[in-house]
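To begin, one chain is listed below as structure tokens, in the form predicted alone.
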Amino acid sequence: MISTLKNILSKPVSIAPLITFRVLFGFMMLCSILRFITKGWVYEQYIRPEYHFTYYGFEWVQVLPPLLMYAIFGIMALAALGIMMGWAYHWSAALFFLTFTYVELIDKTYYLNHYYFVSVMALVLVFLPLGRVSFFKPKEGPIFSHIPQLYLLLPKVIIGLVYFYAGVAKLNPEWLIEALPLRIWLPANSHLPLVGPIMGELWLAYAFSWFGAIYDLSIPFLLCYRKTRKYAFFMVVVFHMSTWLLFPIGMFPFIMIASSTLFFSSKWHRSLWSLFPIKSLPTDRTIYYSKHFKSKALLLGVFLLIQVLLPWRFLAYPGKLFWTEQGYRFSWRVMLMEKAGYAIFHITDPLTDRSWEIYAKDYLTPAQEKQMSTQPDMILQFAHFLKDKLREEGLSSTEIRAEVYVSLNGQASKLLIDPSLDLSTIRDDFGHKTWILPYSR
């Protein structure tokens, strides 16, 4: 079996599909970064906030001074350009991965599945031998037309996992039986021409829900099969352009459309590149070989295994996932719930028997307040932030309790966490958060 697997992974395949992906990925990342800067989001999300919600275990990742933050985004943009053009490719890929992931680790307020997808793919690109094929000026040294199949299979499997896990996550009663949260979201698009009048129809919410689940579960397999590939890609374009028109999800639809071209034949990719001034895509068969291939294969295999297992960690926690959100992030659960909350923090000073209230809006941006008010780990973090602020003001013995009401998928608001507990005495960890109240409809 090991011998068979080795033969499959080392089988030579054309490098052309990965060159297309590399160029499209770099181009889209460059556009995204420039869009991020020009819209003022560097300031709004990373410079303006007084406090940032770090990820557990990554508290050491801190925001830099304003000029350095803009420098980070400048380096990220240049690295994206380097990936696209094939200039100093491995340095560009590594720099892009490090800068992009650093920015995403600063504040989990802005966590999105497609940001995680970008980090994962950027790390994969670091290990792919794509630096010999560039625009305008051929690289010195040997140019390869074929590479081991491992390097093409890895990103394709990751794309398949994204779709498949997104589909598995939709196999729940609220999505399939109640058409939630689409029955809440779709009516907001009633202003659209032509389709606007039917956006409030219940049957449409059910149609979108069921089609979305079937699409996610089947599309990776349909893209792999030559006879269904062109129809599957048409559905990819229709599906992602529809979601882009209906929901504010940024560049994610375009990233997934571009990524789907990895499943096209090498002949299609070579025909595409014959139209562009790429100078070093050889026509003769030359095969890339690395003496570290076995080590790379083992390392990438471990990385892939982590991606396979990570979405299942929610099974280690009791309670309703959408309510507790323990194991929710990094699991490809895309647009599955509508959650809104309101939080008041009650402060008590036992030394003076004085009590008062603090509101998050006095310390957080609107985006931070919105996310914090529904996510238990962020509520706990904010309570500790308040404890530190009060200590700076000379109040060292305060107790902090939170009264948090949350509505899930249009249901009546309910208490999310135990309001009798002093959150400043609770430390976060990977264990079950027993201070989250059970969900009941």
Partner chain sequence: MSFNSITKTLLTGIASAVILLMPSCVTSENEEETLSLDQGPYLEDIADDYIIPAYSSFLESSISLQKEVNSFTEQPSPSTYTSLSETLMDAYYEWEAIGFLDFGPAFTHTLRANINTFPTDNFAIEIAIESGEIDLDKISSYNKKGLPAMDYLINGAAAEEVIGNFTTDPFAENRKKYLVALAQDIVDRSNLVSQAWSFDGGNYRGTFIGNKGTAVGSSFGLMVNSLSQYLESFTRDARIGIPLGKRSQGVPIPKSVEGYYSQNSIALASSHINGLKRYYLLGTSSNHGMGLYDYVKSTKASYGEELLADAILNQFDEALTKVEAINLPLERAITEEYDLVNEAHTALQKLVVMTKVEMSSALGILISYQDNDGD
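Residue numbers count along the first chain shown, from 1. Only a predicted model underlies this, so the values are computations on that prediction, with no experimental measurement involved.
Another form exists, predicted in complex with its partner chain; not displayed. Remarks below refer to it.
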{"property": "Touches its partner chain in the model of the complex: residue 342 (any heavy atom, 4.5 Å)", "result": "yes"}
{"property": "Partner contact for residue 234 in the model of the complex: its partner chain, 4.5 angstroms, heavy atom", "result": "yes"}
{"property": "Contact flag, residue 72 vs its partner chain in the model of the complex, heavy atom cut 4.5 Å", "result": "no"}
{"property": "Close approach of residue 187 to its partner chain in the model of the complex, 4.5 Å, heavy atom", "result": "yes"}
{"property": "One stretch from 58-66, 377-385, 22-30, 390-398 that, in the model of the complex, holds residues within 4.5 Å of its partner chain by heavy atom", "result": "390-398"}
{"property": "Its partner chain: the contacting residue among 316, 306, 249, 88 in the model of the complex [heavy atom, 4.5 Å]", "result": "249"}
{"property": "The unique member of 127, 102, 211, 359 whose heavy atoms fall within 4.5 Å of its partner chain in the model of the complex", "result": "359"}
{"property": "Residues 119, 172 and 419 all lining its partner chain in the model of the complex, heavy atom within 4.5 Å", "result": "no"}
{"property": "In the model of the complex, residues of 244-273 near its partner chain [heavy atom within 4.5 Å]", "result": "245, 248, 249, 250, 251, 264, 265, 268, 271, 272"}
